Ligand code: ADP
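What follows is a single chain, given as structure tokens, in the form predicted alone.
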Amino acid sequence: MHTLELRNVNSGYDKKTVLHDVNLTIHEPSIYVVLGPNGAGKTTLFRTIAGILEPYSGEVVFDGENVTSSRDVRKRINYLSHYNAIPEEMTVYNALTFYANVQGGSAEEVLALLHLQELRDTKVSDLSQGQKKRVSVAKVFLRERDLYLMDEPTSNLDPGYSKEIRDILIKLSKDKIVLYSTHNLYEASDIGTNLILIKDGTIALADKIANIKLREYRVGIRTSTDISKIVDAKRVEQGYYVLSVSNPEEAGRILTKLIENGVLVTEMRQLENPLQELFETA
């Protein structure tokens, strides 16, 4: 089991502090979704943990060793920037081979893992933004590490490729720590078990996603039957009868009531993401 600690970390760029007295301890392998509006400090957090930025004060410690002062510790951390840092003049295969020669791993294996074989001999400069992102992600998976910092890994990717990357990270998170930033709230709920919410360069919340509650749940029910006389469904919205409930358990009781009254329910879904409220107030 690995442990990541940030102890009173202040960090930033050009003497401008972005992170303010950040304290955070992570000691369970899992995916930790990092949320926050643009400019909140997510990328600065990742770059500081990776050892790219040296804190103005405080320290980042991984498994008991200071990240800034230990090159061996930094080798156990893999950081995916939201920028596609791949040499434009190289082919995909040559670029991945270059990184494999430096840090270890197999270009052939990650080409297969990310289904990039058809782009093997294509120059990076000729790739679309989505293709460049896939190559950047492939570079991260060349060699297994103990800590993964994934800054918007699925931006510019279609749903199929996004799911492949999430599946790889979910498998890795069984015994690794993965920090994963995204602006896609449904993706965050789907992949993450824990949430780190950043507001104005501070940790506003760190908790399990399952513990986050909405003030109100809006549930949509799709059925060909008018259910407004059975339950308090106020209106039809995008084909759904809409109900407000205080918690998911109440929604379950409503579903049971409808079934007992002979209603055929073809779909029932939560209309709001449980992270939306937090994100909008961050």
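All residue numbers refer to positions in the sequence shown, first residue = 1. Since this is a predicted model, take the numbers as computed values, not measurements.
Here the subject shifts to the form predicted together with the named molecule, a form of this protein not shown in this document.
- The named molecule in the predicted complex is not approached by I227, whose heavy atoms all lie more than 4.5 angstroms from it.
- The closest non-hydrogen atom of S30 lies beyond 4.5 Å of the named molecule in the predicted complex.
- Remark: V18 counts among the residues lining the named molecule in the predicted complex, judged by a heavy atom distance of 4.5 Å or less.
- Contact check for G39: a non-hydrogen atom falls within 4.5 Å of the named molecule in the predicted complex.
- Picking from 57-65, 217-225, 250-258, 30-38 the stretch near the named molecule in the predicted complex, with a 4.5 Å limit on heavy atoms, gives 30-38.
- Shown here without the named molecule, the chain has only T44 in 44-80 lying with a heavy atom within 4.5 Å of that partner in the predicted complex.
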